[in-house]
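The form predicted alone is given below as one chain in structure tokens.
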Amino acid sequence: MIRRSDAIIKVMESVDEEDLVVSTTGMISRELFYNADRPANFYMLGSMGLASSLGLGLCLKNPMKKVFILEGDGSSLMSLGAIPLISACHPNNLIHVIFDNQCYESTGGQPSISVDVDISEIARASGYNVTCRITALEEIDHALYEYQNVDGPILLLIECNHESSHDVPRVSHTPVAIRDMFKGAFNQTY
């Protein structure tokens, strides 16, 4: 199984300087902050399930920048209506990455229903242009390279293990600092 922190690092290696990244609350934001902090990352703090909706809004507001949404299976299932909404809006600049460890890790590891519900199939049925299930770390590079010039929305579902890496520090930026840094990155032209 893939370690989520390794997968986040691998995804971020494909993110360009001007690309925007929205990460869900909890361990995903913490691991992104620890491994690849940058002004163009928006760390959701305390708003589980809303990363995909925020990412969609950013895509629609600024169609010239790629937007990467990094969320877990629990977050995507919490706001499942966002997947068909994203598809209906056809944002060609959206790359939706779901790290599926089949649990709500940040709240104690309770099982999610992704054991029985295939989120990538929901995205495919909803009309995402690409859906890809990834089971090995090296497949991430391949998928991001293969789909780099393909219009979105694109969903990469990465099967991850349950890590319990709670020694990763919390995001130390204040919500106001996150907003201001991200706003600057959003408005910057390249």
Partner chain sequence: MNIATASHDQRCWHYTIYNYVTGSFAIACNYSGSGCKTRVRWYGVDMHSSEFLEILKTRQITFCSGVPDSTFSSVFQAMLDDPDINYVNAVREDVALGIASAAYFKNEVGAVIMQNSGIGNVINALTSFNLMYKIPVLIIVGWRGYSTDAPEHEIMGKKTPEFFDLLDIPYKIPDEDNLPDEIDELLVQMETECIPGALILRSGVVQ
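Computed from a predicted structure; not experimentally measured. Positions refer to the first chain, counted from 1.
What comes next is about the form predicted together with its partner chain, which does not appear here.
When its partner chain is considered in the predicted bound form, only one residue from 60, 36, 137, 125 comes within 4.5 Å through any heavy atom, namely 60. Segments offered: 151 to 159, 66 to 74, 41 to 49, 137 to 145. Contacting its partner chain in the predicted bound form at heavy atom distances within 4.5 Å is 41 to 49.
Within 4.5 Å of some heavy atom of its partner chain in the predicted bound form lies at least one heavy atom of residue 81. The closest heavy atom approach of residue 18 to its partner chain in the predicted bound form falls outside 4.5 Å.
Proximity of residue 189 to its partner chain in the predicted bound form: non-hydrogen atoms within 4.5 Å are absent; the residue sits far from the partner. The closest non-hydrogen atom of residue 56 lies within 4.5 Å of its partner chain in the predicted bound form.
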